[in-house]
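Shown below, as structure tokens, is a lone chain in the form predicted alone; questions about how it binds or moves come after it.
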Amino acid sequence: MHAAWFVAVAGLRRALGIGALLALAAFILGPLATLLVWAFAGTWLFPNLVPEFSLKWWVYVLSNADVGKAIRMSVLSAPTATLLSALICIPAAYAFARLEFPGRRLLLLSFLSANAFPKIGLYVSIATLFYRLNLMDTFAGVVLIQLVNTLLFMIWIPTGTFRGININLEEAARDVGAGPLRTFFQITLPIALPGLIVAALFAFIAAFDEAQGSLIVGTPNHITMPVLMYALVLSYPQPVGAVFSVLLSLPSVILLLATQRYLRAGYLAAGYSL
């Protein structure tokens, strides 16, 4: 009797676990599935359970001049912001990992400040400065405002990655005559490369998806895809917003799939174990 009771309890727990997993999957994947259906729906009216599938809204979106301009703007600005962030932050991250100096931890924590409160106030303050520097409604202004969103990832993750590298490897290279630059590029950088790829991935996504700052700084002539999304969702039929959402998500999804082995390897978690 006791054995039957334990079997029943185990079966109930298994059923509850499967039910919770399915509910979570429906909660996360349900909106995405609906988005994909709307993107390929010509019309979808009550009481039809299945829409009339069509590519007419894809043709409409891709032939829109504003959409093409926004795509070009995002494709150019986000990689530029990511590259600029890497050039600035990776040397700084190496210094945070290898050097001890007064205020080091406080300075490192200061990079979290941009994420500690609503960013709209920060963007307005930056826009005031950009106005004085003639950076409003410029490509450089949009890149710089996107750069703000990349700093956290391009500082913290590489810092944790460099700290995880055994310093004895660098010292051994220097003992056999390698200079600091050769040691970094031939020993440290190849070992740290997976962590840097993860940092660059998240920095790119943060730059690519940035909307509020780009709206303030780039309007009216330098509009990115997330900024244009607002206008499409509010002013056009629902399938138009769905199609554009799919286009907006594609770069991030492709990069996540391409770098998933680095994400599974735990480099992201290592970046926050300071």
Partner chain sequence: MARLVLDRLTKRFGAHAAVHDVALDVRDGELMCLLGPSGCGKTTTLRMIGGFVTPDAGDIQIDGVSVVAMPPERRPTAMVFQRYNLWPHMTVAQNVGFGLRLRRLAHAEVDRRITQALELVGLPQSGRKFPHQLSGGEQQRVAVARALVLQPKILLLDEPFSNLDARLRVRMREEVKQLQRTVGITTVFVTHDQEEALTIADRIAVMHQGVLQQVDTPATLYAYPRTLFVADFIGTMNLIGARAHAAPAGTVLSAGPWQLVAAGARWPEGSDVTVAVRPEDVVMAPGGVEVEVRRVVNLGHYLQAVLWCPEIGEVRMFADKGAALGEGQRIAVQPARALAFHGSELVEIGGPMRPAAASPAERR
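Residue numbers count along the first chain shown, from 1. Fair warning: this is a prediction, and the values are worked out from it, not measured in the lab.
Another form, the form predicted in complex with the partner chain, is not on view; read the next lines as being about it.
- Of the candidate stretches 117-125, 72-80, 178-186, 149-157, only 178-186 has residues whose heavy atoms lie within 4.5 Å of the partner chain in the predicted complex.
- Taken together, Pro91, Leu107 and Ser110 are entirely out of contact with the partner chain in the predicted complex: none brings a heavy atom within 4.5 Å.
- In the predicted complex, the partner chain stays beyond 4.5 Å of every heavy atom belonging to Ala97.
- Under a 4.5 angstroms non-hydrogen atom cutoff, the partner chain in the predicted complex has Asn166 among its neighbouring residues.
- Taking non-hydrogen atoms only, Ala173 approaches the partner chain to within 4.5 angstroms in the predicted complex.
- The partner chain is not drawn, but in the predicted complex it has a heavy atom within 4.5 Å of Ile191.
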